[in-house]
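One chain comes next, on its own, written as structure tokens: the form predicted alone.
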């Protein structure tokens, strides 16, 4: 093979591997020009993650469902509404913030146990089971709310989710040096972890790729971290909600990439019969996928009620579609068995940038739906064509 052919293959492999990352950068630059730089304002950059907190959290659980064979959970928006409604109602009658939080998470867990059991052990098709749940839990949420809107003003509850990290004497409003310091520390930690991982892989005889490519990737990641925290420094600092998102993302990234339990989801989606013959019980895998999904929906309900400050019976409508779209746009296969947490985070951010960019530009809702639908379709078509799939085989 000639050097030119080798270079061509490397470029093609790079583009295929980082297609959505490249798309995210292109879309961000496009909307920055389209909005005349307003997308780059510190407040908008800060709000980008906060407005999409529910997507970033629920997409982690939705990935597990999709990995099992392209299955989805249609009830997560309704579960989020029920969780948020219960928290708001308890706070309204004077319950402590901790009681409201635990009750909402418990509801999410109970929904997960119920649906996980029906899907995993009774073999109810996931689409039918979660479609029924979508109506059932939405109705229960409206019963709790009595078809009214309930406002939340409990300061302890709100501070746990919507406050900002600010150090007295170091930070002032819209000039929070601590945010940049945190960004630099995180960038150093990421560099150390990535380099140690490379050394460990090389020591164990694994293929590690070129050092130049690894350093370039590290530089880009660290530059983005520092640039983002620099923007946060010029607004209100690091939001506590960002910490909640990071905890969920890091836990699920570790589970799916570094644990035997996480590999079970890929195995079931790849070939369920072979997985069963190898001694893995697919029923348990389905159960845990839908249990964790519903639990994260409960947590997302808390994040959303704190951010919005009120709950009504329509909260969470179409949220399941945002979570599903984030997974498919981020590279999860429509047939199951493949997909990563970092990938779906890129998908969620891409969707978030599109939503925020169109809103700032002033594009009407009807065209926003058209754009999001087109992006989702293109992502799935790219997955099918690039992996030469014509069906689940």
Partner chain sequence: MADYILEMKNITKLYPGVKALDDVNLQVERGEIHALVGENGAGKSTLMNVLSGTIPHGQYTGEIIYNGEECTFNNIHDSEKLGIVIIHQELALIPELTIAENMFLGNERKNSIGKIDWNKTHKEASEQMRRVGLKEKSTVLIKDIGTGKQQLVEIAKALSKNVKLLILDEPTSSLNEEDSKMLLDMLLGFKKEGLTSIIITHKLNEVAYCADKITVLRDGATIETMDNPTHDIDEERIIKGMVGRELTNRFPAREHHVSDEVMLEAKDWTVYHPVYTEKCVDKKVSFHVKKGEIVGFSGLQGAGRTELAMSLFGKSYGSHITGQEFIKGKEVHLKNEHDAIAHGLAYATEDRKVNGLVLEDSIAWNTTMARMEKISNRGIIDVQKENKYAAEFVDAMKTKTPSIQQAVGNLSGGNQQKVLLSKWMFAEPDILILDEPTRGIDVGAKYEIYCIMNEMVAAGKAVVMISSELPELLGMCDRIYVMNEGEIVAEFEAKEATQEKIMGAILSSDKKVQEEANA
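Positions refer to the first chain, counted from 1. All values reported here derive from a predicted model rather than from experimental measurement.
Form predicted together with its partner chain: not shown, discussed below.
- Of the candidate stretches 164-172, 179-187, 276-284, 228-236, only 276-284 contains residues with a heavy atom within 4.5 Å of its partner chain in the predicted bound form.
- Proximity to its partner chain in the predicted bound form, taken as a non-hydrogen atom within 4.5 angstroms, holds for one residue of 123, 200, 148, 217, which is 200.
- Though its partner chain is absent from this view, in the predicted bound form it lies within 4.5 Å of a heavy atom of just one residue from 267, 88, 245, 302, which is 267.
- Contact here is defined as any heavy atom lying within 4.5 Å of its partner chain in the predicted bound form, and by that definition each of 258, 263 and 336 is a contact residue.
- Put simply, residue 92 is far from its partner chain in the predicted bound form: not one heavy atom of it is within 4.5 Å.
- Its partner chain is not shown here, and in the predicted bound form it never comes within 4.5 Å of any heavy atom of residue 135.
- The closest heavy atom approach of residue 127 to its partner chain in the predicted bound form falls outside 4.5 Å.
- A residue is said to contact a partner when one of its heavy atoms sits within 4.5 Å of a partner heavy atom; residue 271 meets this definition for its partner chain in the predicted bound form.
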